[in-house]
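Single chain ahead, written as structure tokens, the form predicted on its own.
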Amino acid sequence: MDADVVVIGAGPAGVPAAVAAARAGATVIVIDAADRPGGQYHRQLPHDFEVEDAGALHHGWRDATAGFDELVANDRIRHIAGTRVWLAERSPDRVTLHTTGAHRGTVRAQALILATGAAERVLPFPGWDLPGVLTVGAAQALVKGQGVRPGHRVVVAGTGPLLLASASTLVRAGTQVLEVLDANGPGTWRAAGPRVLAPGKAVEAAGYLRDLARSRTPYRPAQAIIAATGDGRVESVTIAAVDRDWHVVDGTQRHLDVDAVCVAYGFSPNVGIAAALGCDLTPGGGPAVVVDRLQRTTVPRVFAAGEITGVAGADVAALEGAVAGAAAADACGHDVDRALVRRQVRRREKAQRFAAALQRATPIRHGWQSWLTDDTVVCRCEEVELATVRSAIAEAGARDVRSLKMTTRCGMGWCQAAICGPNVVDLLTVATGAIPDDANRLAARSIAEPVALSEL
């Protein structure tokens, strides 16, 4: 199967990328793991579900559905749903993708656009592996993708832009959200500067806060869930006030009965395929793909757009996707509207200033490590506990990601370090006093997805 441009991902960046490339005259193949376009942000209900207002729980639904419609109507675009890329290979004149799922085979193209999004970052705490503890994205997926509430008495906790949005979604779906806890305090928002109060985003945030006020759900800054307990599933959480560095303030611990906990601490870009192709990544263990103003990576004819280049929200992702699509079509020899691209680049750069301010307002502090006990699971896939990690560092002399992985098996499981990777890097950084030189090593792997031996 061949095309001028292939796009991996049909979310807020991937759909605009495909549309922009097709409008410039390129033939486009879009590969997406979900059955319907939209990504995690605009996750749709299954085809056989019927609801009165499909966009009731979505922000920016009208623009999104316009892109979905063109994805179907444009005869230059072929959308391959329910399919994952497990291996990407590059030659001087084309990229070859090996796929599994609904379409098993190969896809070849002159240019590749990576719009693989990001995974939520979750910090471990005692009891985080109990059933009923899930990410806020998973909770939104249940509500938006299946019409199912995650629980009856729910606490939303963490930091980052998803907290208010997800709590609002849960409230509008009829869930009793007991509290929303943000580990960062008001001081970090003030320090982020005035750009974090961009007018459009301020209105959006006000809408979320209005939903919480109507449901009488308190928003509590500088507080965090530091433990969860239960017999077979989560039944109670321990909440505490935390200082600027997220260390627990003594004497502030309290308990709350729950049947579900939704947590998120920002995002980690899904850079596996980009790393395997040799694209440069930003340093520091929470890597993003390095791109220029036209979304070009450091590998020829490989472009990246959306959260994979750094978390900036759906609006920025859409602009990046449109720029990447036009640039990819241009690389394939098609004529593009350069004036339009320049306008989109300017709009994107303006929007990215807000995103940078938001990142400054929602940092992850190293004090979260003080919440842990020796038997807290750090790597859930391989069931590696904190004591094992600390022993490998202190006694076995592990000073980099590779040696820690080989000593403890952290990152060797099903998720291939998607969950534990950033946390392992943080543990190493605090223990050794420096970010390990191979902080991005866990992101680089040739096999991007689990695949049956029969498909090799």
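Position 1 is the first residue in the sequence shown; the rest follow in order. Fair warning: this is a prediction, and the values are worked out from it, not measured in the lab.
Keep in mind that the form predicted together with a small molecule is missing from the display, and what follows is about it.
Colleague: Considering the small molecule in the predicted complex, find the one stretch among 131-139, 328-336, 364-372, 344-352 with heavy atoms no farther than 4.5 Å from it.
Modeller: Looking at the partner contacts, the answer comes out as 131-139.
Colleague: Is there a heavy atom of Phe68 no more than 4.5 Å from a heavy atom of the small molecule in the predicted complex?
Modeller: Output for Phe68 is no: heavy atoms all beyond 4.5 Å of the small molecule.
Colleague: Can you tell me whether Pro126 touches the small molecule? I mean in the predicted complex, with a 4.5 angstroms heavy atom cut-off.
Modeller: Residue-level check for Pro126: no, no contact with the small molecule.
Colleague: Using a 4.5 Å heavy atom cut-off, state whether Ala33 contacts the small molecule in the predicted complex.
Modeller: So Ala33 counts as contacting the small molecule.
Colleague: Applying a 4.5 Å heavy atom distance criterion, does Ala18 contact the small molecule in the predicted complex?
Modeller: Ala18 lies outside the contact set for the small molecule.
Colleague: Which one, Ala118, Leu386, Val95, Leu277, lies within 4.5 Å of the small molecule in the predicted complex by heavy atoms?
Modeller: Selected option: Ala118.
Colleague: Select from the listed residues Ala314, Ala228, Val107, Ala241 the one whose heavy atoms reach within 4.5 Å of the small molecule in the predicted complex.
Modeller: It is Ala314 that has a heavy atom within 4.5 Å of the partner.
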